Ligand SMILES: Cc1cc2nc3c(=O)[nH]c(=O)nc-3n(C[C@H](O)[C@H](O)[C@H](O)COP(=O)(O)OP(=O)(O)OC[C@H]3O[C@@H](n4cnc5c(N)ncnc54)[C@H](O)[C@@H]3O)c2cc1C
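Below you'll find only one chain, the form predicted alone, shown as structure tokens.
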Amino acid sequence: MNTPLRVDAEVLENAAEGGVNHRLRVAIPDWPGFAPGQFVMLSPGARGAAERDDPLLPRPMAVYRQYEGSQVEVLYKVHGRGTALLAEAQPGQRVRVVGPLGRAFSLPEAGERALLVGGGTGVASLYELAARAIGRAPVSVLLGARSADDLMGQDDFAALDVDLHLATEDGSRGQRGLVTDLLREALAQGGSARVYACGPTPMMRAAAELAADAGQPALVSLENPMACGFGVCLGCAAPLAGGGFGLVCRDGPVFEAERVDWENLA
């Protein structure tokens, strides 16, 4: 696992992509690389001459992809003051980055189909997984959202050599319905498969249950709120099926789905 950095990163691009969807690309000095599913903590907006304390806490963001060495990209939606300030950051300004952090996804085994299920900003945890799984296993990417305007990253996934399917609740793009409807259909094809899911908790729970019913393993990336990102504040504790708690930032964000106590997960 790479040692996390705590550095100021230069904003290279911070583009609105329709509605509340945004894409941020930064240059991170001495970036060590990352594994699929890891994340960074980003300051809420650009850093100025004086430290901001409203809002104070950084925001966890999945690392979407990296290219040209030290350039890192994240996808995010503007919800609240912190992400609204982040959306105002301009090229040339700097944001504080801590990362890469967290436990990553394992790649599929030979002979397994990889079924990647993403909802909302959860798709940001899956792009690099899809890219690295190509050549190891057949990859199907299933993306869902409320409407076409809410979908993120679909063009990037379409450019990969993967089997891509979309679902929207209002039917404005892809199949009408839930992304878990697509997963049910994919699992019904039979054969050995491994499910990877990231998105709203009800979606991940449904994906975990579908995988269990089909006798297939599933990994989920939890999205609990967190303040520090490395296990100090204890604010991201998630209940485990065997009792006790796991810290999403340190023990996750990726967990085997069967380890999560879905009934008591907020």
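Numbers follow the displayed sequence, beginning with 1. Please read all numbers here as calculations on a predicted model, not as lab measurements.
Here the subject shifts to the form predicted in complex with the named molecule, a form of this protein not shown in this document.
Taking the partner from elsewhere, Arg65 is found to have every heavy atom lying beyond 4.5 Å of the named molecule in the predicted complex. Contact annotation: Ala186 falls outside 4.5 Å of the named molecule in the predicted complex, judged by heavy atom distances.
Proximity of Ala137 to the named molecule in the predicted complex falls outside the 4.5 Å heavy atom cutoff. Not displayed here, the named molecule is kept clear of Val26 by more than 4.5 Å at the level of heavy atoms in the predicted complex. Checked against the named molecule in the predicted complex, the candidates Arg81, Arg132, Arg176, Arg146 yield a single residue with a heavy atom inside 4.5 Å, and that residue is Arg81.
Among the residues Ala206, Leu219, Leu222, Ala214, the one placing a heavy atom within 4.5 Å of the named molecule in the predicted complex is Leu222. Note on the interface: of 106-114, 89-97, 155-163, 120-128, the segment with non-hydrogen atoms within 4.5 angstroms of the named molecule in the predicted complex is 120-128.
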